[in-house]
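Okay, so we've got the same protein chain twice, two forms, each given alone as structure tokens, structure 1 and structure 2.
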Structure 1
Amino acid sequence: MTTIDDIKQVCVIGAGTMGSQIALQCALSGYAVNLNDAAADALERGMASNRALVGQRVSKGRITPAQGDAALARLQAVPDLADAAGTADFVIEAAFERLDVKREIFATLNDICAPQAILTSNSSTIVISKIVDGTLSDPSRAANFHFFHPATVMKLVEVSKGPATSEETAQVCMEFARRIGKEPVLLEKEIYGFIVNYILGSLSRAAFELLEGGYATAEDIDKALKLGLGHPMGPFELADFSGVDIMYHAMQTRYAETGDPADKPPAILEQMVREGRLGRKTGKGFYDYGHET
């Protein structure tokens, strides 16, 4: 069993929005990191954006040029998965949010990784048992390891045990999160959405009920939650920030899975996606930004 002090080499699979910054966070924290992606251009984009992020930190005086260079030297782009993960003590999968993609990756990890390596997924919605059942011969070494966007900035990591995850694996994940400068929370049992998105789902549903029922405007619902509950953003501002389409697809996936009418995406969201009102990225969502941001 890998202990926290055994972890020297990290592998991050998927160099997109999340994976590239997760890899950088680990490298900034002193770990050697192999960053892998199935697409060569995505891997190069991820590495380029990390070089730019390190440059920004250096120019703001948050790290020295030597610290920046050392972090980048610890971070390697490794296009072949067997090379990237074969020597890893801790693997973080951050590939596309598709069960088939993740299961295929974990089946490969089962063959190429050391038997004691800890294998985790950054998935936002797919619990670890669905990924490892039938793909890993030892599922006790796997867990969800869920970062928030942007991963170099947001402090929270949700560590979630599956039914087979060992206590040792969960505790190494918790400590690894701390060692890379994060604040972990532990879910003893897996549940869709973990803590944050589970509760956010209920909150958003209630906000849509009030909006669609004509009880209050989006502006006033957002204002009420900001001033009444101290939330930094209201649910509609958050939808615009994250992407109305992202929210719609997440709800649709959930609805397809449960068939529960309470999970059906609100009609207004579907209409906004059809009309291309996707939030900040298109300049218009629940709010009008006047231009693309």
Structure 2
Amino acid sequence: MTTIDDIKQVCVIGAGTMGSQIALQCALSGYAVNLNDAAADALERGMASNRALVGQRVSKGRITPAQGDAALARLQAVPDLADAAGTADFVIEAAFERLDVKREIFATLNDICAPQAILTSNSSTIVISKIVDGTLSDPSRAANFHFFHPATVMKLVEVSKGPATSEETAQVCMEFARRIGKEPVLLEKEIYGFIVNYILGSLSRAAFELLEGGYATAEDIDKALKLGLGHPMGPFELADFSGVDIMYHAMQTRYAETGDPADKPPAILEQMVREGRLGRKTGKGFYDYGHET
């Protein structure tokens, strides 16, 4: 089993906003990182975004130009998954939030990665046992490793053990999170949504009930939670920030698992996804951001 000091090469799979920033955080912390994505344009955008983020840090004096150049030199775009993950000691899957996509990736990792490499998923809701069941010959080396957006800023990482995850794997994940400047928490048992999204799910369902029942506007619900509970963002602002489609698909996945009507995505979310109103990334969501992308 890989120890914390064995970790030299990291692979991040998925070059969206979350994956690319996770890769950059690892590179800024001194690790060699291969960033992989099946879509070449996504990989290009992720690398361009990271160059811009490094430039911003340099311009604000948070890092020196030499430190920025060194971090970018440690970060490589590698379009072929076998090349990207084959030599990795620690893999972080940050692909689209769909179980079938993640299971396909882990089945491939089972064949191409070294047998001692630690394999993790950044999924915000899907527990590791569902991802590795039948796809990984040694599930003791797999765990959830959940970052928060934006990954280069937010300190929290949730490490969640599956039924087969070894204590050694969990502790390496905890220490690796610390070594890349994060503050990890450990879930000893699996639960949908881990800590934050499990609690946030209940809050979001209540907020949607108020909105769809006509009790208050999205703006006033957000305002009430910010001023009354001290939340930095209301639930609808957070949905726009994270992606309305991400929230919708996470709720869909949960509903498919439980069949509980309380877990069914609200009709307004389904309508917004159909219309392409996905939040900040498209310029419109629950709020209008005055631009189209």
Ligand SMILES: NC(=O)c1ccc[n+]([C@@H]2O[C@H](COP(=O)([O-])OP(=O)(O)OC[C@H]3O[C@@H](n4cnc5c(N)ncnc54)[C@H](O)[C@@H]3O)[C@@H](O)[C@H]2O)c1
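Remember, it's a predicted structure, so these values are computed and weren't measured experimentally. One-based numbering along structure 1's sequence throughout. If you superpose the two forms and keep the largest set of C-alpha atoms that fall within 1.5 Å, you have the rigid core.
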> Which one here is the form predicted alone?
Replying inline: 2
>> One rigid part rotates against the other between structures 1 and 2; tell me which of Ile195, Asp133, Thr258, Met47 lies at the hinge.
In response: Ile195
> Smaller rigid part versus larger: rotation angle between structures 1 and 2, in whole degrees?
Replying inline: 17
> If the rigid core is lined up, how many Å does the C-alpha atom of Val244 shift between structures 1 and 2?
Replying inline: 5.2
> Hey, core superposed, how many Å does Glu275 shift at the CA between structures 1 and 2?
Replying inline: 8.3
